[in-house]
Each structure stands twice: as structure tokens, then as C-alpha cells.
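Only one chain is shown below, in C-alpha cells, and it's the form predicted on its own.
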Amino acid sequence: MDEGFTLVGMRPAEPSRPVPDRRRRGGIPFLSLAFLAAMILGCLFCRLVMPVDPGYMDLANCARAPGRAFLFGTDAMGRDIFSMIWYGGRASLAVGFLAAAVSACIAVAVGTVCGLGPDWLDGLVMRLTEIFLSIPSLLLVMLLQAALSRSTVAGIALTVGLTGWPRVAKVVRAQVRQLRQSGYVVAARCMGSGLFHLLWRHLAPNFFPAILFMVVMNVRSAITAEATLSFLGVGLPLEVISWGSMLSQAEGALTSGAWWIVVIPGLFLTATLLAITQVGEWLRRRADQGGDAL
């Protein structure tokens, strides 16, 4: 054999690099959870952090810029914005959580009845749900708000909650239709279990993780709806302090150059909505991973 050539074997394969799992990208949103926890605790115990009464009108210090005396400034009526942030956050978060609870209860009831009921009832309720979904949610909220005429925290929460259930109900219905043929569900029904017992012991523990992120996102939607209604003048009145009612002063604040009246509540509202969105996305990823594992 010619000495210019060298017999070689197979080239050793390069060590393979592990392929990153895109589903696991992004861990627990500690920053968002910490921010939400701080906001909730601050709003619950707002009397401990408020320097003055948020409803007190200090007419000698109207539209005062942020400074040492007033950390976030004052609004056009002389109310301390720092105190209003915490007191108003309590109302906005209450609307969000109450509306999400109302919509979740309605969605679970409707979805369970459709999933376990006969086909004609399922088809009828689902067609009505699709008609309900075709109406713009904000327009429907304004219509119900005008019909109920209850400009209170509970009234707006009820109004928003009555419009936020259809999408969650469709998911619950799909999950129940998959679970109703399971052996433990069939056995429970044969033993005479009632609808509530069947829902509480067998169905809800299985479909609740699938709708948890939707319930969290409904909190965000309810807070946004309250702020939008108050900004449009059909939500909470100005004397009921919330982030939405604070933003309703936007026109007068911007024309007078008092930017802090709108920017500071807007930043708190935006940060809270972003934190809720990240928590909801994290819950959705966890639900997807659990479904893939099954």
C-alpha cells in the first residue's frame, strides 16, 4: 500500500448536546408572585401604610407634585395619591377576585350540566353560549351595568362576572365529557351519587387544573373592565376610590400638566395586570405539562 495513504476507521461521533425542552422555558415567576403578594397584603392592611385618609380633601394642596410632604403628590381635590393607591387597589382587586369567582361558579355549573346532560340539552346550551360569545364583552358589561344600575364594588363585580363565564364553561364541558366515561365516575353514578357529590369528589379535582389559569386571567379581565368602565364614566363614582376612578381624571390632569395624577395609578394598574398575566401563563404551562405527562 502506498505510504502516502493512511487507513483510518470511522470518525468518532461528537457528543450530542441535550436539546432544551421549550415547554420548561421560564420557571416560577417569583417576581410577579412577590409583587402580587405585596399588593394584596398592602391593600388588605392599607390602614397601616396610608399616611392620611385617602378621602380627605386638602384644598390648600390641590394638584401638588410628588415630594417629601406627598410621596406621590395629590390630585385635583387635594387627596393624597399614595393613600389612594392602596385604598383604591383594594376596590379594584376586590372587583377582580369577586368577578372571577362569580364567572367560575357559573362556568362550572353550566359546563357540568352540559357534560353530564343529554345531547339535546348540551347542544341547546352550547348554541346559546356561542351567541353569548359573539357579543362584545365590553358592550355587554355596559348594557348590564346600565340595567342593574348598581355602581358599587359588588354590583360591578356581579356585572363583569355574568359576562366572563362562557369560555371557561366550554373547557369544563369538554373535560366533563371526557371524564364521564371513566370507571370511577360510572361507579359513583351507579351507586346513586348526586350531581353535587359527583362534581365535588370526582370531576372538579380533575378539571380544575385545566381552568385555573383561565380563572386567573378572568381576574385580570375584571380589573381591566372596572378601570375601563370608570374611565368611561359608567363605573364606580368618583367618590368611591379605585384605580379606575383615579384614571377617570385623565383629561383634566393632562391638560393641567399634573401628569402624576394619571401616570402613577396607571403604572400600578399596568404592573398588576402584567404580574397576573405572567402568573396565568405559568399556570397554563404547568397544565400543559401535566396533560403531556398523562
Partner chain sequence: MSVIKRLLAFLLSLLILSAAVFWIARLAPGDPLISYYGERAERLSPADRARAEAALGLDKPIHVQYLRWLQNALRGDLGISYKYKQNVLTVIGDRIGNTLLLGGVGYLLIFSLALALGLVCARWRDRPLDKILCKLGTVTACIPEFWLSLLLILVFSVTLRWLPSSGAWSLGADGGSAADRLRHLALPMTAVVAGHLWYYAYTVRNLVTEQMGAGYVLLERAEGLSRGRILLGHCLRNVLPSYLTIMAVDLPHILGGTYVVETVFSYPGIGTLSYESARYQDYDLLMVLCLLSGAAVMVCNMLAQAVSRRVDPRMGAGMDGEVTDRG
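Remember, it's a predicted structure, so these values are computed and weren't measured experimentally. Residue numbers count along the first chain shown, from 1.
Although it is not shown, the form predicted together with the partner chain is what the next lines describe.
Undergrad: In the model of the complex, does Ala146 come within 4.5 Å of the partner chain, counting heavy atoms only?
TA: Looking in the model of the complex, residue contacts with the partner chain include Ala146, since a heavy atom lies within 4.5 Å.
Undergrad: So in the model of the complex, does any heavy atom of Ile135 sit within 4.5 Å of the partner chain?
TA: The answer is yes: Ile135 has a heavy atom within 4.5 Å of the partner chain.
Undergrad: Could you tell me if Arg173 has a non-hydrogen atom within 4.5 Å of the partner chain in the model of the complex?
TA: Judged by the heavy-atom cut-off of 4.5 Å, Arg173 is in contact with the partner chain in the model of the complex.
Undergrad: In the model of the complex, does Leu232 come within 4.5 Å of the partner chain, counting heavy atoms only?
TA: Residue-level check for Leu232: yes, a contact with the partner chain.
Undergrad: Pick from Leu36, Val262, Val240, Cys43: which has a non-hydrogen atom within 4.5 Å of the partner chain in the model of the complex?
TA: Contact residue from the list: Val262.
Undergrad: Note which of Leu212, Cys105, Leu128, Met77 lies within 4.5 Å of the partner chain in the model of the complex, where distance is taken over heavy atoms; exactly one does.
TA: Only one option qualifies, and that one is Leu128.
Undergrad: Pick from 180-188, 84-92, 110-118, 137-145: which stretch has non-hydrogen atoms within 4.5 Å of the partner chain in the model of the complex?
TA: Contact-bearing stretch, as computed: 137-145.
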